[in-house]
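In the form predicted alone, a lone chain appears below as structure tokens.
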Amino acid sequence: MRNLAAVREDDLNRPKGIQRMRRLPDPKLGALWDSIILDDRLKAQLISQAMLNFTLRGKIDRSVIPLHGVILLVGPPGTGKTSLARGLAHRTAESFQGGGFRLLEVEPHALTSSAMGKTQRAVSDLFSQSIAEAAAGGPTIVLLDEVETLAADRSKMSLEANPIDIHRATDAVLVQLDALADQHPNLLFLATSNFPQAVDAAFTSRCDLVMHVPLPDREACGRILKECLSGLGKTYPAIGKLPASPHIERCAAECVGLDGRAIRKMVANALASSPQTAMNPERVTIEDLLAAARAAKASRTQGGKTP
């Protein structure tokens, strides 16, 4: 297990422009991977694509297969794309024993600026210096959350808010992706977006895999709900009995249309269904869960934010 000193060392040595840096594999990220309920075939496809990046790209000329080392996860907010990406980084590193992998997490909003030219320079420096230097030191995985911030669709941009600088920033991302793909086959980008229509088509065309992470179906809703209740059951034993209720499937059906995050928050809403239940969560009932699920869906249907 990594100690606090090791964590601080990573923080001190992280490259400029990187929000967080981790050594891989990291069991905590493995737990994130397990917590995201997604079709096993999709998870297997993600792992296989990531593994191929590190086994094939250094051996095959890009004129044969033009891999850029980019996987893009798209889908509604709350479906677990970022957690899935972090977990994928762990699982990929775990597949290569002794590989010395690292995960770099970028904060895209920290790179944007209202000053002309500064966003472009910040993006160029991030890729050509920070990320390139990390990749030169060993296998590297980079998380680009909300990638539309860095690679905005230039065809849909307004003529306001420094459009030339935003265009140039997107241009810089594309140029750097091409350069890094040529120079560093041991580099993999994991990008996420809640708004794939806002991502520039030239960026999407460079992705080796674009995967849609869907809202959970009825079966997945049931698995998320039961896992959440079972976790609560470790502290409140009475709640741990609810997954065995013959009515739990009704709750799962009511959750269809909610994302995984909303389902877990819906359970919290059920625990707050009354002052008495809030004081003693073991009082929560299936009916409380049903009512909370209906309220959450009604809020979404009426245009409210997911609870």
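Numbers follow the displayed sequence, beginning with 1. Nothing here was measured: the structure is a model prediction, and the numbers come from that model.
The discussion below concerns the form predicted together with a small molecule, not included here.
- Only one listed stretch (177 to 185, 202 to 210, 136 to 144, 82 to 90) carries heavy atoms within 4.5 Å of the small molecule in the predicted complex, and that stretch is 82 to 90.
- Although the small molecule is omitted here, in the predicted complex none of G17, V106 and I131 has a heavy atom within 4.5 Å of it.
- Screening P76, G222, G99, G233 for any heavy atom within 4.5 Å of the small molecule in the predicted complex leaves a single hit, P76.
- This chain lacks the partner; the member of A252, V70, L46, I36 within 4.5 angstroms of the small molecule in the predicted complex by a non-hydrogen atom is I36.
- In the predicted complex, no heavy atom of R57 sits within 4.5 Å of the small molecule.
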